[in-house]
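Read the single chain below, which is given as structure tokens and is the form predicted alone.
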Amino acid sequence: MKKGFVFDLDGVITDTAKFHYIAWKNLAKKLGITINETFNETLKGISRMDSLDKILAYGQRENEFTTAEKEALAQKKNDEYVKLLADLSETDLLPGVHDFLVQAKERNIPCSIASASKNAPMILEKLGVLDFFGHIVDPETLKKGKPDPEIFVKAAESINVAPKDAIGFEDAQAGIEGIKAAGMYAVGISATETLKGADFQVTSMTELDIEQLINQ
């Protein structure tokens, strides 16, 4: 029987991808780089600095900025992103999420967040679900980003669950690879792509049966 749940945030609990896209697109434009939604898909699930590096490489400007300048650019993007999140509320939870978290709480199944987002605590608070999570992994403590399993191992251990006894929920390929490398059962959530390696895939959390899951 599975004893704990580990969730990615963006694309699983809520979808702030459109806000990330607007903020990155505007920053790229200021740097003379044009990105589109297809390119934006490649930024899914990776850290802010890795996203910036990809954009600069895409615009062939990867060697023009110091680390300090890049950090300032990433901060500028994040400032705009946070402003765009101002109106985020419980209505922005993805379908089935609230009910699933309530069912987990009723069964005393601990939950944690494994997200590359440094804004996770603020986002979860705005969504009204912060109290459902026993721990949120701080991305600053990580040596490697997804698909490395580090974040998932930490997320499971933070709620006192061995990775083999945990279920991970992800919407991105890199995340599924990280969950499997951590030795967990992987649930893929995507209506648009087949997530290779997922043990089970649904288009939304409304399709999940918590009893079936924990008995995997």
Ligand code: G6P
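Start at 1 with the first residue shown and count on from there. Quantities reported herein were computed from a predicted structural model and do not represent experimental measurements.
Below, we turn to the form predicted together with this ligand, even though it does not appear here.
Engineer: Taking this ligand in the predicted bound form as the reference, which of Q173, S51, S190, S158 has a non-hydrogen atom within 4.5 Å?
Structural biologist: In short, S51.
Engineer: Among 87-95, 101-109, 70-78, 128-136, mark the stretch whose residues have heavy atoms within 4.5 Å of this ligand in the predicted bound form.
Structural biologist: Heavy atoms within 4.5 Å of this ligand in the predicted bound form occur in 70-78.
Engineer: Though only this chain appears here, would V153 touch this ligand in the predicted bound form if you measure heavy atom gaps against 4.5 Å?
Structural biologist: Taking the distances in the predicted bound form, the answer for V153 is no, it never comes within 4.5 Å of this ligand.
Engineer: Does any heavy atom of I113 come within 4.5 Å of a heavy atom of this ligand in the predicted bound form?
Structural biologist: I113 lies outside the contact set for this ligand.
Engineer: Does this ligand get within 4.5 angstroms of any non-hydrogen atom of H20 in the predicted bound form?
Structural biologist: Judged by the heavy-atom cut-off of 4.5 Å, H20 is in contact with this ligand in the predicted bound form.
Engineer: When the contact criterion is heavy atoms within 4.5 Å, does L43 count as touching this ligand in the predicted bound form?
Structural biologist: Contact with this ligand, yes.
Engineer: Scan 196-216 and write down, in order along the chain, each residue with a heavy atom lying within 4.5 Å of this ligand in the predicted bound form.
Structural biologist: The stretch 196-216, when checked against this ligand in the predicted bound form, contributes no residue at the 4.5 Å heavy-atom cut-off.
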